[in-house]
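First, one chain by itself: the form predicted on its own, in structure tokens.
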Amino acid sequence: MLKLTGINKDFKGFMLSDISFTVEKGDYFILLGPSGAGKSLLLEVIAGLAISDSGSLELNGRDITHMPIQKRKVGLVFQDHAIFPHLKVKSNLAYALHGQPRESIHQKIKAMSANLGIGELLERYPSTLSGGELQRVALARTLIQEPEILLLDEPLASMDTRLRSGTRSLLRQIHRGGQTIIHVTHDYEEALSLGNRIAVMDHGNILQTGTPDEVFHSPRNGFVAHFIGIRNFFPATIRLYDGIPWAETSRNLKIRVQQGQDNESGFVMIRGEDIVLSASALDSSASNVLAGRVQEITATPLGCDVCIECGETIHALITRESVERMKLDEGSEIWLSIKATAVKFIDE
């Protein structure tokens, strides 16, 4: 288990501020945030490449706050791989085991190369390898040292779609083998596909930590909601009508919510996949039923994003088949149905 408590670090005027969280053994822990959030700096503090100004780090009960990197039992894979270009792959792996008996080195290289599928690369130089092959070699060189935690700095950032998919599968395989991983990324889809715990960072602060379901379904503030791709996020004030709470947006759209106090200010959040579109109004007492007009339809990897003007600009995510069945196009009149249970109100 890795435990960070009150970590502060001033790096050329940029501050990591009061960072505290725990990574349990076997976690695939994602540090998610935009460029400049401080994710890589925090990773360097965990690795020992940078020393915190205050706070503490414990790894399996050992205080590693001021321990040198070579004694921490953590393995860091850099975004640019950092493979020695003048050494063959086999020698790169052997270098990581410097000082161990020759036969032990031979056996570990054989086992690791088989596990990561790089056996046929051992006699090749890094300059002859593809991006995916380099990534496998970099992972092998780090994992062969048997780190208690594997640290990954944007490992998929420079890969094309095909290569990214293959590397995700490899990382899942490594994690299923029991390896604890901390993975830095700015890609929320990457975070969803790999992590079992996520911490969202911005400006050197941890804004929210939780499971993917907790973070993506119940973001704590506007930044988290916008960053993870929730486009329907509006300032609103709660008004009670006959004791029933409604959220009124700045453009006077009224949306039924589950709970809230009269005159409470905050934000309404609606996931695009929770919006049902139909050619006519649906009769449902549990739903918000709104009339609107289609502004734009955009294809996405998950279906179609339908942008609708209905007092606010709302984005619904539906299948391509639904778009074709309803014959939707720009200018089409449409009805939106949104259950009150699907509307989240986040107070300020």
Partner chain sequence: MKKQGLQWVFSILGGLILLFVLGPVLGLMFSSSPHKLFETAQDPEVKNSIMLTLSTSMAGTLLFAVAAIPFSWILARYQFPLKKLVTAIIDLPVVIPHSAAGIAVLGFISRDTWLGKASSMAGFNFVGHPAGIMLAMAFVSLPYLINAARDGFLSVPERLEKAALTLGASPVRVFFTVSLPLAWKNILSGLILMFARGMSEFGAVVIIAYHPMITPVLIYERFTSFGLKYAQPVSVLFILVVLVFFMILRLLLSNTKKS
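Owing to the predicted nature of the structure, the values given are computational and were not obtained by experimental measurement. Positions refer to the first chain, counted from 1.
There is another form of this protein, the form predicted in complex with the partner chain, and it is not shown here; the text below is about that form.
- Annotated contacts: A114, G119 and L156 are all free of the partner chain in the model of the complex [non-hydrogen atom within 4.5 angstroms].
- Although the partner is absent from this view, F78 contacts the partner chain in the model of the complex, with a non-hydrogen atom inside 4.5 angstroms.
- The closest heavy atom approach of V74 to the partner chain in the model of the complex falls within 4.5 Å.
- Of the heavy atoms in A82, some are within 4.5 Å of the partner chain in the model of the complex.
- At a distance threshold of 4.5 angstroms between non-hydrogen atoms, L49 is in contact with the partner chain in the model of the complex.
- Among the residues D27, E44, D305, E312, the one placing a heavy atom within 4.5 Å of the partner chain in the model of the complex is E44.
- Site annotation in the model of the complex: the residue of I69, L282, A299, A291 reaching within 4.5 Å of the partner chain with a heavy atom is I69.
- Proximity to the partner chain in the model of the complex, taken as heavy atoms within 4.5 Å, picks out 94 to 102 from the listed stretches 180 to 188, 244 to 252, 94 to 102, 200 to 208.
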